[in-house]
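One chain comes next, on its own, written as structure tokens: the form predicted alone.
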């Protein structure tokens, strides 16, 4: 790898049918797009050199993302607008970049700085669903903890720190949307569908999850949140 590299941050989406890709498939797809775009990407050192690229927190299969991030290191400078145009032209619909910007190489990794995730969970159900969800969320949060089983293991989430904002329930055209803000980190994060399912089960509510979308990933610093790009 060259001694001097340029760290290009890319915001992209994972939408439509491509929301069913696994994280590894997303990684491979975006790496191929960078190669097709002809970007002068840097490679790692060692016995198995590969593109120097890093990604933000993975999305589960089936969950869409409107503001996902990756960093790719370039051997030579390419104007931001040119790099974006090249990447857009080389990317599949549903996995296309939306914005790029160079960031200092000394900045911590995306996995370290992205600690806030916002989600929209859309549900279908009867007219009593919105008010039932509000009541159920209030009761769950008042208890302070939520136990979630995943792959045969139980994890306990302290909701005071896990949920920096209370869920927001809204309705539009017969559908109910739950807006959730979740704190994420190295130890994992609370999946939004787990909290919504717990709320549905608690009150035996008539509703089912139709879609889950991660709308934003944010950096938390000095008591406020900001976009990483």
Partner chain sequence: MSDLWSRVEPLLAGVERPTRYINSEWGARHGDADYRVALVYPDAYEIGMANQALQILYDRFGAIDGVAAERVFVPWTDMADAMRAAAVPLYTLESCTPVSACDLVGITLPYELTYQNILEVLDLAGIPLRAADRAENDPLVIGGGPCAFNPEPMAPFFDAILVGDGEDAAAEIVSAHRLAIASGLSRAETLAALARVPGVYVPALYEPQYEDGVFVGVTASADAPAVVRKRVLADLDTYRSPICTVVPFMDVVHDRAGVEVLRGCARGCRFCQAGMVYRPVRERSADSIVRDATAALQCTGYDEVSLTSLSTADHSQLEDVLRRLSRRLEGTGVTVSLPSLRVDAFNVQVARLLGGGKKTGLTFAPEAGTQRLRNVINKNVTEEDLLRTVTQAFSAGWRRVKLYFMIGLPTETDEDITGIGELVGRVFRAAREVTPPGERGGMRVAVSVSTFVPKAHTPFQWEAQIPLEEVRRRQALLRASMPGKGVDLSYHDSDVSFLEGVLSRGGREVADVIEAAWRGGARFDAWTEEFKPQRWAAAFEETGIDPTTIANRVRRVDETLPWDHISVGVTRAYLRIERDNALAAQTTVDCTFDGCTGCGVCGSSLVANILAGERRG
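Residue numbers count along the first chain shown, from 1. All values reported here derive from a predicted model rather than from experimental measurement.
What follows is about the form predicted in complex with the partner chain, which we do not show.
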Check your understanding: Is residue 89 close enough to touch the partner chain in the predicted complex, meaning at least one heavy atom pair within 4.5 Å?
Key -> yes
Point to revise | residue 69: touches the partner chain in the predicted complex, heavy atom cutoff 4.5 angstroms | key: no
Practice item. Check whether residue 57 has any heavy atom within 4.5 Å of a heavy atom of the partner chain in the predicted complex, and answer yes or no. Key: no
Exercise for review: Answer with yes or no whether residue 220 is in contact with the partner chain in the predicted complex, where contact means some heavy atom within 4.5 Å.
Suggested key: no
Check your understanding: Any chance all of 24, 47 and 95 sit within 4.5 Å of the partner chain in the predicted complex, going by non-hydrogen atoms?
Key -> yes
Review point. Of the listed stretches (39-47, 178-186, 191-199, 157-165), which one has a non-hydrogen atom within 4.5 Å of the partner chain in the predicted complex?
Key: 39-47
Exercise for review: Residue by residue through 26-43, tell me which have a non-hydrogen atom within 4.5 angstroms of the partner chain in the predicted complex.
Suggested key: 28, 29, 32, 35, 36, 41, 43
